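As a starting point, one isolated chain is supplied in structure tokens, in the form predicted alone.
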Amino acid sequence: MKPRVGHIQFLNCLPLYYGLVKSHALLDIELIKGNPTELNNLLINGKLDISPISSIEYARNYKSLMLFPDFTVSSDKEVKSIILLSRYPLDRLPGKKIALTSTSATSHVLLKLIFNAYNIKPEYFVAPPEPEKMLSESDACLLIGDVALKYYLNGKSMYVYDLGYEWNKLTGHKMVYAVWAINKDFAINKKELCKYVFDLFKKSMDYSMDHLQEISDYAERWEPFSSNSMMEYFRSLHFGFEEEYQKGLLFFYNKAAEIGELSYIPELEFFDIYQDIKR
């Protein structure tokens, strides 16, 4: 069987998948594309075997999932593609209407935590990721992915707040937006396939990190961004899951629980890729 693997259709995941195309590894997996919310639902409902998932949704469903080591979408400071686009500065947002993109989960909680730190209590509603329509009904909107990157680079006529930067400024912690998770039944019953997919992604990531200029040039051909801006964007992201990023994620979970977004703090349960497989 081919493992069913999710793929976020945003540029921030291009380095994770680019090497798969170059090595023709896509022939060995069933790649299912979608936005983060769509992939979250597919994985949680057992319609994907392995997929990126919003880090907050891993916490809410951790009993049925296991984590791949080494793979995340994270940032130290700026993330550039998770932003609040606002008509007003932060200190004028209390009581205002905020539109939250329907394609995300982690960013909703992240924004609420940032607002909570600034004692901002707005009125939230969820809307499709259409900035002009969102702003016709609100005073500010939360955007993620490629549309957010567009406004980060070109939206200087409005207030643009990078949530990764704001989080680090407030807490000093790194931020993990998405993790790679495995349906636990699949992890238990298909260990060889899990290790195989991990190896595919590891080789893909190693290739991509050595060929960021090639990837940036490739993205420039198909996207409305220059190769230089793509290179700067990819360098602002982090794809590993080192201890300091794990600590940052657990700190985020603790803060999310404080405002009622989590009812418990989950453990980070990793699939052991080095375990012996009985044949």
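What you see is a predicted model, and the numbers here were worked out from it, not measured in a lab. Just count from 1 along the sequence shown to find any residue number.
The same protein also has a form predicted in complex with another copy of the chain, omitted here; what follows describes it.
Partner contact region in the predicted complex: 214-222, out of 240-248, 214-222, 66-74, 46-54, criterion any non-hydrogen atom within 4.5 Å of another copy of the chain.
The three marked residues, 13, 129 and 147, fail to reach another copy of the chain in the predicted complex, with no heavy atom of any inside 4.5 Å. Heavy atoms of residue 90 never reach within 4.5 Å of another copy of the chain in the predicted complex, leaving it off the interface.
At the 4.5 Å threshold, heavy atoms of residue 114 stay clear of another copy of the chain in the predicted complex, well away from it. Residue 232 falls outside the set of residues with a heavy atom inside 4.5 Å of another copy of the chain in the predicted complex. At a distance threshold of 4.5 angstroms between non-hydrogen atoms, residue 259 is out of contact with another copy of the chain in the predicted complex.
Checked against another copy of the chain in the predicted complex, the candidates 165, 196, 151, 159 yield a single residue with a heavy atom inside 4.5 Å, and that residue is 196. For the stretch 1-19, the set of residues having any non-hydrogen atom within 4.5 angstroms of another copy of the chain in the predicted complex comprises 1, 2, 3, 9, 17, 18, in sequence order.
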